[in-house]
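A single chain comes next, written as structure tokens; it is the form predicted alone.
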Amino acid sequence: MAPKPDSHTLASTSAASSDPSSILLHGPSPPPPPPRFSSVYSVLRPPRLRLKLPTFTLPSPMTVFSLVLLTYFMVVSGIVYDVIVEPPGIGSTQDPYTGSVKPLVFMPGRVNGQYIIEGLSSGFMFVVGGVGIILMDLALDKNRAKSVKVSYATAGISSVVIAYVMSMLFIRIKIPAYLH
């Protein structure tokens, strides 16, 4: 059972509770200690903690766009495959006529296998195509100057065409009889 406060402590507590400035300066009084710890709390006083919740600010739209684009690049480049399978960065083949070793960027004949540089170059082409689509979308903004809209449209269409042509070239190098 908790000890009963004496009249002097009770009077100072009621005076402090009626004065709002004392609550702001000293904070709310801590709850009474449980009965089994009353001897410990008679010697020790629990600290008054003034903890603040951390405030987080939202990242800017460009930061979010950059993170999403980087994540897209990593996913389409096959980073997960590269981590699990651990393929070599680049392959090599021996020239049958000269006997010299030549570097090989694309793993021939295997659609479900890749060298690291092959995945990164293909992922880069996909990102170039995606940025081209974003530029074409920006070209449709009515509040931009005509020269800026033409520049965005030209850069966007060029990016999409380059990405498509290069991706088809990569597939034809990887699988020679593709679409013939």
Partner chain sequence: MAVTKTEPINGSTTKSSAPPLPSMPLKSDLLSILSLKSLRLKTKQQELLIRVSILCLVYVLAFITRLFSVLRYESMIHEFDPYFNYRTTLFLTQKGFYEFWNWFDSESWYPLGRIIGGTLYPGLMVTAAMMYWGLRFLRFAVHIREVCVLTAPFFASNTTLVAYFFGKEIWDTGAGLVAAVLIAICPGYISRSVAGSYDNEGVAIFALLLTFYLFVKAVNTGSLAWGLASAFGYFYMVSAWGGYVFIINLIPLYVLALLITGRYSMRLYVAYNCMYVLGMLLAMQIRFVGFQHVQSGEHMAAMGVFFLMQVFYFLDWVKHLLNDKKLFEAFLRITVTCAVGVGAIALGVGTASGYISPWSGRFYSLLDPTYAKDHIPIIASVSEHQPTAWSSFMFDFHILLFLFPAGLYFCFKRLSDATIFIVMYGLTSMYFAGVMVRLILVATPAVCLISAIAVSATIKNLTMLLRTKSKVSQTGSTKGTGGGKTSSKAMLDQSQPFQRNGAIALLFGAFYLLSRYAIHCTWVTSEAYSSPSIVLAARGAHGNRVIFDDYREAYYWLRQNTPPDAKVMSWWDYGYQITAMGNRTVIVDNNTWNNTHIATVGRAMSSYEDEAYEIMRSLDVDYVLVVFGGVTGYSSDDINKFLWMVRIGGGVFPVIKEPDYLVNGEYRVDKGAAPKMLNCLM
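No experiment lies behind these values; they were computed from the predicted model shown. Numbering follows the first chain given and starts at 1. Each form is matched to the other, and the largest set of C-alpha atoms that superpose within 1.5 Å is called the rigid core.
If you look for the form predicted together with its partner chain, you will not find it shown, but the lines that follow are about it.
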* **4.5 angstroms heavy atom contact with its partner chain in the predicted complex for Lys52** => no
* Evaluate Leu44 for contact with its partner chain in the predicted complex, applying a 4.5 angstroms cut-off between non-hydrogen atoms, and reply yes or no. => no
* Using 4.5 Å between non-hydrogen atoms, is Leu140 touching its partner chain in the predicted complex? -> yes
* Asked: Taking 4.5 angstroms as the cut-off for heavy atoms, does Asn112 touch its partner chain in the predicted complex?
  -> yes
* Contact set, 150-172 vs its partner chain in the predicted complex - heavy atom within 4.5 angstroms -> Ile157, Val160, Ala163, Tyr164, Ser167, Met168, Phe170, Ile171, Arg172
* Once you line up the core, how about Asn112: does its CA shift reach 2 Å between the shown form and the other one? -> no
